[in-house]
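There is one chain below, alone, in structure tokens, taken in the form predicted on its own.
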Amino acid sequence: MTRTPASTALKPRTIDAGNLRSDLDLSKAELNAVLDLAASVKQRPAEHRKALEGKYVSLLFEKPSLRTRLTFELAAKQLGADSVLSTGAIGGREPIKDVARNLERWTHCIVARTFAQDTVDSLAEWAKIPVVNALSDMYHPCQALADMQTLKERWGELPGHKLAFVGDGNNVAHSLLLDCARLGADVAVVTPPGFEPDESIVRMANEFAAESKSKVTVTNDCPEGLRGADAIYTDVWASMGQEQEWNERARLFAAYQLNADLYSMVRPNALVMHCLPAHRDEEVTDEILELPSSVIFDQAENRLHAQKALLLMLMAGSGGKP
């Protein structure tokens, strides 16, 4: 595990875009800065305990949540701020542009966990305060930040390593493609036919990989995609809102269950990853989740630290609001 010496404790800098609508709102330099700050915050939390004193975070959650809600609430409180929560449809009772302009009068940041990426984009368009995508149908950037932090803790650096994602080419797969490719890790997404990640995301990931000298693979063939992987990652087969597709997905994804057979295709003692919640013995067996190489709870813990770093970089300089 790499550690930043106490004498070089990092301070937050402002993210240029002012929002985290998707992973692409962070430049490569800003992505590295968030991860460096997350490591510093994790090692020396007391240094930041009053950094956001007197500030407030709006949490807008259309979807149920354990890790996202609690880690953002804790992140705000541990930085000296506080949070307020609203659940249910965003823009259901009034236009999103009105929601955004109400919240900017009361709070300093909006964190939105939504069904549609358009909702996040609309909030960012109308709000004069930072907007954070805490999950949408296209991206899960906060999860990917925690994942990159976890991999850096285990590997030191990402170049020279490979992460393989097996399952649905979903929002998590999109964010992993974009972040791994920019940070120099090889990344493979292995899916059943018809469930590949969005072509535009894959195209951008390949462009980033060309710059970082890494490799992007999208395949339906498990041996091809998993060969040489130092970490294997999976997610539920049917995300929230797709429950009606479960029976058909279970049939199509059965050959992509992360079990002992699939695990034998990656490097010995490869890291086991999952964004949680896991449906044990569905997309992944209980046996594999409980391996000593499983880092699923490291990922969950690092949601807190990565999000603290993100809030610091978005909010530390946002004086003048309420």
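These figures come from a predicted structure and were not determined experimentally. When you see a residue number, it is the position in the sequence shown, counting from 1.
Keep in mind the form predicted together with norvaline (NVA) is missing from the figure; the text below concerns it.
K.L.:
Under a 4.5 Å heavy atom criterion, is His140 part of the interface with norvaline (NVA) in the model of the complex?
P.N.:
Within the cut-off, so yes.
K.L.:
With the partner left out of view, is Cys275 within 4.5 angstroms of norvaline (NVA) in the model of the complex by any non-hydrogen atom?
P.N.:
Yes - in the model of the complex, heavy atoms of Cys275 and norvaline (NVA) come within 4.5 Å of each other.
K.L.:
Residue-level contact is defined here as any heavy atom of the residue lying within 4.5 Å of norvaline (NVA) in the model of the complex; does Thr87 satisfy this criterion?
P.N.:
Output for Thr87 is no: heavy atoms all beyond 4.5 Å of norvaline (NVA).
K.L.:
With a 4.5 Å heavy atom cut-off, would you call Val236 a contact of norvaline (NVA) in the model of the complex?
P.N.:
Val236: yes, in contact with norvaline (NVA) in the model of the complex.
K.L.:
Within 4.5 angstroms, counting heavy atoms, which one of the listed stretches 228-236, 212-220, 184-192, 89-97 is next to norvaline (NVA) in the model of the complex?
P.N.:
Among the candidates, contact is made by 228-236.
K.L.:
Considering Val120, Leu163, Ala76, Leu135, which brings a non-hydrogen atom within 4.5 Å of norvaline (NVA) in the model of the complex?
P.N.:
Checking each option against norvaline (NVA) in the model of the complex, the one that comes within 4.5 Å is Leu135.
K.L.:
So norvaline (NVA) isn't shown here. In the model of the complex, which residue out of Ala112, Val172, Cys180, Leu103 has a non-hydrogen atom within 4.5 Å of it?
P.N.:
Spelling it out, the residue with a heavy atom inside the cut-off is Val172.
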